[in-house]
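This document opens with one chain alone, in structure tokens, the form predicted on its own.
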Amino acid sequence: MTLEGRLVDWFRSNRRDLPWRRQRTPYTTWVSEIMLQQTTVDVVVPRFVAFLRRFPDIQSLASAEEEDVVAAWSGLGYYRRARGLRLGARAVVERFGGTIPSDEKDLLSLPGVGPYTAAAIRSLAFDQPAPAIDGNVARVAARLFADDGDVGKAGTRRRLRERLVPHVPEGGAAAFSEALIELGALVCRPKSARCDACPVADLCAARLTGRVATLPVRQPPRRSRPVLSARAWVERGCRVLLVQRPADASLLPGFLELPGRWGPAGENPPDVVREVLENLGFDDVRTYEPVAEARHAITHHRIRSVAVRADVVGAAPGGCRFVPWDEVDLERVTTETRKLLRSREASV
């Protein structure tokens, strides 16, 4: 039996029961693939079901308000994906009459759709010979063909895709693509690959040459650096001072957060908070001791967040406002601020 035949047969017997596989359409494929970017299957499953309940089709998503889509995305992080998905849905309605296109060029013209997502929609929803090369598939293909290229580079992924295309069975592109994804997730793992359970082990060039443990090749990630994020904790009665992020911010535009900024890890948090509040336009700023601390990471930064209690004089300047505690929506504040609020709550 051919490589593709073995893979598809194995997949049909070993496939996981995932909600997007039960209702495979171009829309559900698009939504699931965007959700699965940088997020595990276990996290995505319940949120995918809830999202589809709220936005069952492309028209309902396209007509939704941005804040509603972002709220429905809660728990998945990387909210730019949700905004891009909504903009893409609007483009489909406006330019393609509400029908998601199958043409690669048309798909790539949509906001939030890159080469991988376009290939996933084409292969999984339209059964076209366009293997989608995610991390799992890149690993499987690199081992199958003993490819030494860095799988983090676009050129390597294009080459792997070209080597997979001749194996796509006619009329079985979707099953073949899903089989590759599933094999990478369940058997051809990054470490401790289960070659004994692999349906194509005897056809795998990496196994035959003893290189399973060294493939795929990937350049080591950049080292992360420590950062201090000093935040102002200003209370007035039963209200807390929050500032709104700019609409054009690269991360979480329009979200609310405690006033502050990032800086070198060795800075003094009270001094930073005083500077931030004065730059916002407050007079007679007084800072005291830290009241909350949290840690998190973004891209290549390890962030130590410190909230410093402060007093200010005067009304809140533009961009800032005192929000009653019972009106603070934890789904509309940044992750960092949410962590600090919860840390403070746990300590009092």
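One rule holds for the numbers: they count along the sequence shown, beginning at 1. The shown structure was predicted, so the numbers you read here are calculated from the model rather than taken from an experiment. For the two forms, the rigid core is made up of the largest set of C-alpha atoms that agree within 1.5 Å on superposition.
Note that the form predicted together with the DNA isn't included here; everything after this is about it.
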| item | value |
| --- | --- |
| Stretch from 236 to 244, 76 to 84, 169 to 177, 202 to 210 whose residues place a heavy atom within 4.5 Å of the DNA in the predicted bound form | 76 to 84 |
| Interface membership of residue 134, the DNA in the predicted bound form, 4.5 Å heavy atom rule | yes |
| Interface membership of residue 224, the DNA in the predicted bound form, 4.5 Å heavy atom rule | yes |
| Partner contact for residue 115 in the predicted bound form: the DNA, 4.5 angstroms, heavy atom | yes |
| Contact test in the predicted bound form: residue 297 vs the DNA, heavy atoms, 4.5 Å | yes |
| Selected contact from 261, 95, 163, 189, since only one has a non-hydrogen atom within 4.5 angstroms of the DNA in the predicted bound form | 189 |
| Listed residue that, although the DNA is not shown, lies within 4.5 Å of it in the predicted bound form (heavy atoms), from 181, 276, 215, 130 | 181 |
| Sequence-ordered residues of 18 to 36 touching the DNA in the predicted bound form, heavy atom within 4.5 Å | 18, 20, 21, 33, 36 |
| Large Cα shift (2 Å or above) at residue 236 between the shown form and the other one, core-fitted | no |
| Core-aligned CA displacement of residue 80 at least 2 Å between the shown form and the other one | yes |
